[in-house]
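Here's a solo chain for you in structure tokens, the form predicted on its own.
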């Protein structure tokens, strides 16, 4: 057990799975699969496994998405890292091909495939074209695809192990705003379920649900509200598809208040789906969502920060509900 960064934890899981399966491949562009951590060996997948298994391709995200899908259909584990420049480009391959094949073959087509898709929208300075806010809503909409979004290094490693061992294809969203996070992460392999939310704090007055880069602000806001005497239950979705409806319903049935917080655009953000599912199962509850406005973020970091939901926004919305 050691303090590890988000990316080190991810690559540690990939390194283990590649050592266990000599047929597994990792495809990347622009971002070499290298991570360092104080007191731990440097992970360099390209150096360890060579260019035939760790492929530095050209800038062609459709090809990358299709190549790992083909590898998975042939029986090999495969994963690709798609950075912010092309994060939305592989949508057609994932939605129209990968998402349907298991259904079309009656479950016979197993695809141990992972698309690691970087979400840079939480990072000031990328402007509208590379903001990539909409990805979580896009990919969680697809039948046949599991979509996960870890918010901690511990979950990042465990979800990666689980994703690479799943027969279902997995979109693994990487919130770039969490790049600098570190925490205690076991050295040995372990799995975090692909369909289970995490209750981060318990309380009986208000349920706050978020995911990915929204979680640090939500947890800070919850602490401030707890200091004021409010019992805040914070739920980290972790899995967007399949969503853990049972945990959400159980919490709101207790608190009768639900606040969702998303870094995605307001319309059809993941929080909207959370509210819909809970409202179908819980009577007499109150609902509110906080999300990014329906507008591309500007390049100016100051304007971006003004638009992005933060601790103050969460606290203000929670106080109004309480």
Partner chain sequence: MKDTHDTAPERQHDDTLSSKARRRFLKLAGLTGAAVAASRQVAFAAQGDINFFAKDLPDEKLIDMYRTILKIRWHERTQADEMLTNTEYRGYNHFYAGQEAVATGVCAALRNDGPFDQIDLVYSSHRPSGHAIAKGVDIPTMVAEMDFRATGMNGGYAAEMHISDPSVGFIGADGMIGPAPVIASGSAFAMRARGSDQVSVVFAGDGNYAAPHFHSTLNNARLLDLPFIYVCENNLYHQYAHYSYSCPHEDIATAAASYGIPTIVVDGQDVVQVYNAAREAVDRARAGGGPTFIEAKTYRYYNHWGAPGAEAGKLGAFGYDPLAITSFRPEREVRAWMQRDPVEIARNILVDWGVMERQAALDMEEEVKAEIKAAFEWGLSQPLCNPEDGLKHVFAEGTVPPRQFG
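A quick note: this is a predicted structure, and the numbers were derived from the prediction, not measured. Positions refer to the first chain, counted from 1.
A second form of this protein, the form predicted together with its partner chain, is not displayed here; the remarks below concern that form.
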Would 178, 204 and 223 all count as contacting its partner chain in the predicted complex, using a 4.5 Å heavy atom cut-off?
no
Please pick out the stretch from 211-219, 153-161, 246-254, 90-98 that is in contact with its partner chain in the predicted complex, where contact means heavy atoms within 4.5 Å.
90-98
Looking at the partner-bound form in the predicted complex, is residue 25 within 4.5 Å of its partner chain by any heavy atom?
yes
Going by a heavy atom distance of 4.5 Å, is residue 107 a contact of its partner chain in the predicted complex?
yes
Quick check on residue 306: any heavy atom within 4.5 Å of its partner chain in the predicted complex?
yes
Since only the chain is shown here, I'm wondering whether residue 200 would be in contact with its partner chain in the predicted complex (any heavy atom pair within 4.5 Å).
no
Within 267-298, the residues that have a heavy atom no more than 4.5 Å from its partner chain in the predicted complex:
277, 288, 289, 290, 291, 292, 293, 294, 295, 296, 298
